[in-house]
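Just the one chain here, laid out as structure tokens, in the form predicted alone.
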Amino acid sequence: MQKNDLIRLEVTDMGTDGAGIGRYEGMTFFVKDAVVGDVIQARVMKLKKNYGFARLEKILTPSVYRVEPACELHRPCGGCQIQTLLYDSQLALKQKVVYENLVRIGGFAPEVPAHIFGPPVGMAYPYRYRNKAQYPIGTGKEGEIVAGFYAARSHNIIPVTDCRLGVAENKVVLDCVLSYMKENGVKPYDEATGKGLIRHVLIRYGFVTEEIMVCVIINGSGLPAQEKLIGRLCEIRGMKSISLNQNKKKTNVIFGETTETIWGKEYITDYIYLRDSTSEPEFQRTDTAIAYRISPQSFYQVNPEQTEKLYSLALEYAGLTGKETVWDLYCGIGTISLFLAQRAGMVYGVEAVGQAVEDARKNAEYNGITNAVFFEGKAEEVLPEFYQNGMDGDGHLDGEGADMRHPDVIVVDPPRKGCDVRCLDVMLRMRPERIVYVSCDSATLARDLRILCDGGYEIKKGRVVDQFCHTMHVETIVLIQKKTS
């Protein structure tokens, strides 16, 4: 077998990156854009000792789980790795990946996740769900100015102004920006040379308020004929904020350090509603909502419908009665904290990003919430320092602040790398009754759950929440509880 050979494969499984998996002459092959059940012709692209990678050339027999994708650019774009897979099968695949990580990495018996997890939480309409989009601006093959997304594993822009995952308003904004650039001779940024002005366009949309924010990231100090762009954008229904961010560095990082509002407010507002996770049908909206002020660089979950379900599960799992002390680690702008505060005695949030902490405090004030306090710093540094400084000479908790050092509930929502081991160690020493773990990477979730369960806890509940439909990314929420014996 050699590179460029054509082979016939039956796809029998799918990997964690969404690639189809099949075997040929004893070797395992991974094929992007193939789904389980397909029989395909594939071209060998790379060979290792026991496995290889192949490119889908032709579908000989389509799988019963294959569907026609909504986006004609799904293959070159690469953003939606599994858009050709039936949506119910996408949910089943993501749940399977979470289960396998808990067993393989966490060392849990196979029956544990199968027993404790409820059905995956999906969407009735898994498109048009993103409230945020970041479009790079560049030059197309014919020298024209384009906006779009980077092709998989490259910085080549696939021209698209109407991604099916984003809101329809994105196209209206981008058409205005591109027209302004063409008419006023404004050049797009060129990564190779470091020249050109406009690098990216950020668009944020409030699903409840229908407010729109646009931030143009520039390689300079200002825009020529700036008032012409403002004039176009401010006519769009719902436009509330237009800003410029200066990023003059030759870097792949999108944002620079300086952001200036050039029209409207510095933020937009949106609401997250509490949902009844025990209702029939499940997750009916209640009248309880939290308002959030969102600035260009605020962290805010991109799928508001699924965020409401995820945070409602977090509140259910926390089991609050109104008296509890709660720590919310990696709290961001206080999205979960402020929900918890409505049913807890006191909530303490910890977040490393200073701007997010400031936003969290403002959001608490904006909602009239007085029982939430936010600390700036890394969770793995703030929590150990706080816990250690609260000990008396004999190693016991002193009276003042003892509730903070022995909370009833700890909620964690860490980045993909999971919780730092120092943070996990202090959590175990604090001995909360319940720990609610929200994870965007089930591999590090499995690792951390193993540590916590070895430290005297057990998994009680779990759900997979499809926060990023048509991609292999998924959120998982798990309740672990202190063992009674």
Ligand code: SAH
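Keep in mind the model is a prediction, meaning the values are calculated, not measured. Numbers follow the displayed sequence, beginning with 1.
Below, we refer to the form predicted in complex with S-adenosyl-L-homocysteine, which is not included among the displayed structures.
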Inset, instruction - Could you check which residue among Ile230, Ile158, Val112, Val353 gets a heavy atom within 4.5 Å of S-adenosyl-L-homocysteine in the predicted complex? - result: Val353
Inset, instruction - Work out which of Pro384, Gly377, Gly122, Gly78 lies within 4.5 Å of S-adenosyl-L-homocysteine in the predicted complex, going by heavy atoms. - result: Gly377
Inset, instruction - Using the partner position in the predicted complex, report whether Tyr273 sits within 4.5 Å of S-adenosyl-L-homocysteine, counting heavy atoms only. - result: no
Inset, instruction - Please check if Pro415 has a heavy atom lying within 4.5 Å of any heavy atom of S-adenosyl-L-homocysteine in the predicted complex. - result: yes
Inset, instruction - Look up in the predicted complex whether Phe299 has a non-hydrogen atom within 4.5 angstroms of S-adenosyl-L-homocysteine, and give yes or no. - result: yes
Inset, instruction - Report whether the minimum heavy atom distance between Gln95 and S-adenosyl-L-homocysteine in the predicted complex is within 4.5 Å. - result: no
Inset, instruction - Can you check 182 to 190, 114 to 122, 86 to 94, 345 to 353 and let me know which stretch has heavy atoms within 4.5 Å of S-adenosyl-L-homocysteine in the predicted complex? - result: 345 to 353
Inset, instruction - Between 322 to 341 and S-adenosyl-L-homocysteine in the predicted complex, list the residues on our side with a heavy atom within 4.5 Å. - result: Tyr330, Cys331, Gly332, Ile333, Gly334, Thr335, Ile336
